[in-house]
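Listed next as structure tokens: two forms of one protein chain, kept apart as structure 1 and structure 2.
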Structure 1
């Protein structure tokens, strides 16, 4: 590989892409190198257009078209009394695909992770606090069930403590269709602690 500086340069750029596992670098590089010039041009054009035309909504921080309104904040069909707080826009996308939520969203832009250099100041918590007014009556904390997600949820809950607003979080425990035999101990423990009336 040392005799292929162009390939080394491509691999170096791919290493800068977050969440791209190092074992997949060669596969991704091979995919790009195997594209026809037309396919490569279309791919690059689409990435460039997305970079130029998409902005974060100044209110909820979800991606939106520069020339339009946020599909969540401006929709009259959404329940503006509810705000679901998520870590990322793809968490928002997952919740939206479920079809079970019709309120507004707020995207924090990540989760607390001191090892990765992400602190409270890197998240859009201040923007969340500014948008809460008398019309909002519930904040749903929908962070991932990871140590970072739990710490982020606790931080947001503390920031909201002076607001007279209901704070809830997603239910945790046994998933629909799940079998207790295959659940990890923490999931079973959470399910028992957070049991509800039948």
Structure 2
């Protein structure tokens, strides 16, 4: 759409939003253009409000309300002996939704990725080391099963080697509901190698 500079500006902004496929950009642009002025104001206000009011917890790096306490670090309901280290805040949310975890979290802020310029210094490993005290007795490494995630897990494990603390990681294997026939070779290998007592 040449000759529509305002539209180009809008599309450029929307292009930066993750998970918006470029083939859907025009549809999303149409959504914003078709809003009432009040709806648009409300959208902008709420995004801006969230941006102002949510800060990263200085301890676990998850988003928290500026005026309150971190819902993970401060909750008396959670098990403070466990810290689950995740790459990102949305990984944290996935674990949280599973309902299978009630310990604390630590958000690294990404995974090692030399091609993207993300090195050890960009991850909150120092902060993880500082927060570990006598009350914590297990660190769960819950990085993704990708080359970047595995490199990051190795790095964190190495940083923790002087702390006398148990380090575990997520189980690998056939997903629940998965059939062997459609699993890739590596997953089957790992499921065999890391088999458990029935």
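Numbering follows the first chain given and starts at 1. Note that the structure is predicted; figures quoted are calculated from it, not measured. Take the two forms, superpose them, and find the largest set of C-alpha atoms that agree within 1.5 Å; that set is the rigid core.
Structures 1 and 2, same chain in two forms; the form predicted together with a further copy of the same chain is found in structure 2. For residue 54, the Cα coordinates differ by under 2 angstroms between the two structures after the core has been superposed. With the core held fixed between the two structures, residue 20 has its Cα displaced by at least 2 Å. Here the chain moves as two rigid blocks between the two structures; the smaller block's rotation against the larger, from C-alpha superpositions, is 11°.
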